[in-house]
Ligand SMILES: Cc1cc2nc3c(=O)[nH]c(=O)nc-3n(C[C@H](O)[C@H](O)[C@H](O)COP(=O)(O)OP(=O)(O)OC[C@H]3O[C@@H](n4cnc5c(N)ncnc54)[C@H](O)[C@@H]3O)c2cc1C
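The chain below stands alone and is given in structure tokens; this is the form predicted on its own.
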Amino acid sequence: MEPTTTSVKVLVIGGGPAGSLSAALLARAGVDVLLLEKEVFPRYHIGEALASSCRAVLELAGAVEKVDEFGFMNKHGGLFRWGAEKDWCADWTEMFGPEVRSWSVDRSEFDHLLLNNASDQGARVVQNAAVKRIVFEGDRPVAAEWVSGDAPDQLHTTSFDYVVDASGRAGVLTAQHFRNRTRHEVFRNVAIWGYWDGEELLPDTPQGGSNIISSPDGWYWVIPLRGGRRSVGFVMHETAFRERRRDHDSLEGLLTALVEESDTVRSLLDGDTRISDAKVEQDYSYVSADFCGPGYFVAGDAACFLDPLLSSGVHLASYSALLAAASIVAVLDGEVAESEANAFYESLYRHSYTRMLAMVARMYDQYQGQAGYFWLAQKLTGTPAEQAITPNAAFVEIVGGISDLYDAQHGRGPAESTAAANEDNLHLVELLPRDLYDTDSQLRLVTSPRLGLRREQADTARVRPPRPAADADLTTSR
């Protein structure tokens, strides 16, 4: 068949949360968008516990009512049984107000809703479409060659002004073209999980919240889902996984043994039935050398991925989608130069990732205790201890993604908290601010009357304490 040639203002590669939200936000801003997704939705995916920041981004993308109406489990935070200390909660709603909440979701259904929403907002969506090659002119991508599963012998070429690579772990740009990903050796972890019936969670768990439970060799999650089900999994280093796997004839046998080893998890599942096969995923943590460049932005898992301890995956996906869409709109509107938008995106997204990385790394050192975790969180958000409304307020902000939304809106530069992380001597990743970012540029994210970036004086004179919900809600930005 003859090849076809088309053009679009923005091409989005991938229909997961990062891609679907990027496309929806751009389309709502009046930008011509084509989204190519290699699979046919719905499709299974892990990553069911969503941070409260996701709700704010979904509202901007026109998807909140659809997700609410679907009936997912409302989530108001989580409970940690970590180390030898007493339990502690990250209760977003109690601390920041009733609108700061999220969901625990079945990702096959949630992602399908977001993909359909992108189409509803005006993006053109093509499923079963695999991108084979990105065509460059110099260092700038200008077109994508792709094929449809319905006609695999017909090559399509779509030219574009900008591309958002949201292709997940496949990494069309980062893994396949630039090959610029680096794995974090500290987080060479493996997760094994399955699904149980029943609804029991630990006492004092926030409504719909997850339970995160440590063990000497790793940690467990217990996530409530609609229909009286729970997602239950265990994360351990890949070396330990290989050793344990040899002792069992099947993954199901290994998962059962791991559940039995935890007094807490065993008691939560007592008398309940596993209703799925065991599943495994590995090679969690990596980061790309660049998150954007001339004519492109890399969003979600295509850019970086962390250990799932703080459920950061969909937060990073939705946050990067918001930053990418706002950056592209600002450049197309002539509000900022492309180099400025790239610097804003690179710095804010990388800062979000490294702040989460620092927090996860500290929590894996279970001997630090709550005081150590909360102290680091205060340093990572720039909040003096005497201004914290509760000892764990900064930790709750980070886990909920609230700090990232605030920083993007209010012009707070990442140098303040990345420098604090460096003082902590984590030695896991370079936490220095990116040289391109200049806080004197006064760029900040705006959502009204139109999504984009705007130059406004940041309020750097006062130290920022944790905020009430209204101040962290993106829909209130002007």
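Source: prediction; values computed, not measured. The first residue of the shown sequence is 1; numbering continues from there.
As for the form predicted together with the named molecule, it is not shown, yet the points below apply to it.
Check your understanding: Should D32 be classed as touching the named molecule in the model of the complex when contacts are defined as heavy atoms within 4.5 Å?
Key -> D32: no, not in contact with the named molecule in the model of the complex.
Practice item. Examine R43 and determine whether its closest non-hydrogen atom to the named molecule in the model of the complex is within 4.5 angstroms. Key: The answer is yes: R43 has a heavy atom within 4.5 Å of the named molecule.
Check your understanding: Can any non-hydrogen atom of A278 be found within 4.5 angstroms of the named molecule in the model of the complex?
Key -> Result no; A278 lies far from the named molecule in the model of the complex.
Practice item. Verify the contact flag for G452: yes if a non-hydrogen atom of it lies within 4.5 Å of a non-hydrogen atom of the named molecule in the model of the complex, no if not. Key: Although the named molecule is absent here, G452 would stay clear of it in the model of the complex, with no heavy atoms inside 4.5 Å.
**Study point:** Partner-proximal stretch of 44-52, 65-73, 24-32, 442-450 relative to the named molecule in the model of the complex, 4.5 angstroms, heavy atom
**Key:** Careful reading of the contacts points to 44-52.
**Study point:** The single option of Y373, W193, Y345, Y353 touching the named molecule in the model of the complex, heavy atom within 4.5 Å
**Key:** The option sitting close enough to the partner is W193.
Exercise for review: Name the single residue among L251, A170, A151, V135 that comes within 4.5 Å of the named molecule in the model of the complex, judging by heavy atoms.
Suggested key: Of the listed residues, the single hit is A170.
Practice item. Select from 112-143 the residues with a non-hydrogen atom within 4.5 Å of the named molecule in the model of the complex and write them out in sequence order. Key: Counting only heavy atoms within 4.5 Å of the named molecule in the model of the complex, the contacting residues of 112-143 are A129, A130, V131.
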